[in-house]
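Encoded as structure tokens, the following chain is the form predicted on its own, with no partner shown.
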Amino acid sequence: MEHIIAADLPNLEQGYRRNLINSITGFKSVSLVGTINRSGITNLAVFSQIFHLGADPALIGVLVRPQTTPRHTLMNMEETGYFTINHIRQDFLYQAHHTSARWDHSEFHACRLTPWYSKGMKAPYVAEANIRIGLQLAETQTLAINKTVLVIGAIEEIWVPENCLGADGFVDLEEAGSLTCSGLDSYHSTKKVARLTYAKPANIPRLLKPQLSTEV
């Protein structure tokens, strides 16, 4: 078994170190973040640093890399105050990954993906996505340790297929075809092992039966 300590990391080849640290933390959510600027120019970028921050209020966090180069996604968020998160499916995986290239025009057009707007959201959604989340920018914080920017978005609306939403609010990501990722460029489909009951000291966890009703 390989044993790598902190003192070894600065001496590793840059690409090797980048892949190691990005993949060692495990599987991550991956989505396309859609924004638009005041001039109406859209932007679309793939992000794998997206995470739940709280349910009440409903908040989602997004990490944006240090601004050593222009970060159009962050600039648009701050300019208009809105952004969308769109789950990636295998049907458009190659186009989604292609948005990470350094385009000089809208990634929607360059990567053949369709912008779609709801009545309640200024930023564009990806029409091809099954699960879409519209957010209003709530707060940004620049982390002192490495200048990464933490973006906090407040959920304004959610779009999810009826057959993917259980009676208890649980979203079936496999049914929706949502992909996950590891590292910077490895994408994965998922297979659910089990959904378990709420853990209590006195009770052994058991399988939780699916609640299939779509009534909310």
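The numbering used is simple: start at 1 and walk along the sequence shown. None of the values given here were measured: they were computed from a predicted structure.
A second form of this protein, the form predicted together with another copy of the chain, is not displayed here; the remarks below concern that form.
Another copy of the chain in the model of the complex comes within 4.5 Å of no heavy atom belonging to residue 75. For residue 188, a non-hydrogen atom is located within 4.5 Å of another copy of the chain in the model of the complex, even though that partner is not displayed.
Proximity of residue 80 to another copy of the chain in the model of the complex: non-hydrogen atoms within 4.5 Å are absent; the residue sits far from the partner.
Using a 4.5 Å cutoff between non-hydrogen atoms, residue 37 does not count as a contact of another copy of the chain in the model of the complex. Residues of 146-160 placing a heavy atom within 4.5 Å of another copy of the chain in the model of the complex, in sequence order: 146, 148, 150, 152, 155, 156, 157, 158, 159, 160.
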